[in-house]
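So this first bit is one chain, no partners, the form predicted on its own, shown in structure tokens.
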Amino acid sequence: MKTKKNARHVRAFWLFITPCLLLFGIFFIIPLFLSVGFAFTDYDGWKTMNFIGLRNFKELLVDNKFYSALTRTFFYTLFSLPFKVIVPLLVAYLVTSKKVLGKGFARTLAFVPSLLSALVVGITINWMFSTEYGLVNFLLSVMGITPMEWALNSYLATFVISFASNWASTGFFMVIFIGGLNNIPKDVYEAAAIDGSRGVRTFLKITVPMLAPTTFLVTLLATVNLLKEFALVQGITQGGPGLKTTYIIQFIFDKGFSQMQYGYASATSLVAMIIFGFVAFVQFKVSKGGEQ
């Protein structure tokens, strides 16, 4: 009887997991192996595909544009990451507080941007920060401040992309933090209150340490999202001005689909994947996977 029950569980397991395995294989495993294979060829996406060994990787080692794109990617990630973690944490803390009214409405407002596609967010933000007709420059001119050329300055363009990325992701990470906050036992707060702990001190001494596993998850997801930011950049600056907001994914896209160098783009994506994997490994080792 027990054997029949176990057999039904095994069949149910494979029945549910097979569609996921098929999709994962078709859209990830097969492209991954194809990309690894193309990395050793001069494939142009159409007719030419000769085996050239490690030539793509040798060219990549002396490609200054690759290093520039990689450096910009890490600068953008380091600049944006604190906001990706701290802002959703504070929003989640506020919307779970008993002292705040209209929490359901506030949660909805914060979460709605995360439902939009990155390209739609990029186009919306691009309109808001438009130099001539943008809402932000209009408000600045009303306050007597000189309008800024957001798209023509590399630092301002980076700020706009970072602002858009944080605006779009705050709701998603806020939901994760809310789950973590709800899992903190209430008797811990009651014990802290008896000891005289209040407000900011309770937040820093109780809430933040108890949220370490959740914070690690959010940090890891945010880092990966920032390192492979693409659609948002395409919607806002398309990599400009010049190449000042061309990050590593834009660099790979340009080599593959604009310059028809699929082999070189595949080699670049393979190197980028290894680097990003190393970054994730370091995060695991440094934070010990969020364990307290």
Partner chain sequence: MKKFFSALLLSSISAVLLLGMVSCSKETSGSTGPKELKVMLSEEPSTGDALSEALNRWAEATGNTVNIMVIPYDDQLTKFPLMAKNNDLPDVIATTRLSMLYPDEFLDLSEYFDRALFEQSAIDMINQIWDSDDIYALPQQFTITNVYYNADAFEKAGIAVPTVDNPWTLEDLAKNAKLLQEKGGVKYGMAMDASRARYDNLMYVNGGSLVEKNGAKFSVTVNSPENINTLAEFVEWNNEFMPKAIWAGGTNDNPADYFKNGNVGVYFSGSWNYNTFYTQIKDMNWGVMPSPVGPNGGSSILGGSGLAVPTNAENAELGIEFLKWFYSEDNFQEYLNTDKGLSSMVGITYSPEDPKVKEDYRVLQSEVPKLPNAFVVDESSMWRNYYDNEYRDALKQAVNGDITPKAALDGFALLLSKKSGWALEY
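The structure displayed is predicted, hence computed values, not measured ones. Numbering follows the first chain given and starts at 1.
Another form, the form predicted together with the partner chain, is not on view; read the next lines as being about it.
Residue A151 is the only one of I178, V91, V121, A151 with a heavy atom lying within 4.5 Å of the partner chain in the predicted complex. This chain is displayed alone, yet in the predicted complex one of Y67, F257, F57, F51 has a heavy atom within 4.5 Å of the partner chain; that residue is F257.
Contact annotation for K244: at least one heavy atom lies within 4.5 Å of the partner chain in the predicted complex. Within this chain, N225 is remote from the site of the partner chain in the predicted complex, having no heavy atom within 4.5 Å. Although the partner is absent here, E132 is a contact residue: one of its heavy atoms lies within 4.5 angstroms of the partner chain in the predicted complex. Contact annotation: T237 falls within 4.5 Å of the partner chain in the predicted complex, judged by heavy atom distances. Considering the partner chain in the predicted complex, the lone stretch of 169-177, 212-220, 124-132, 102-110 in range is 124-132 [heavy atom distance within 4.5 Å].
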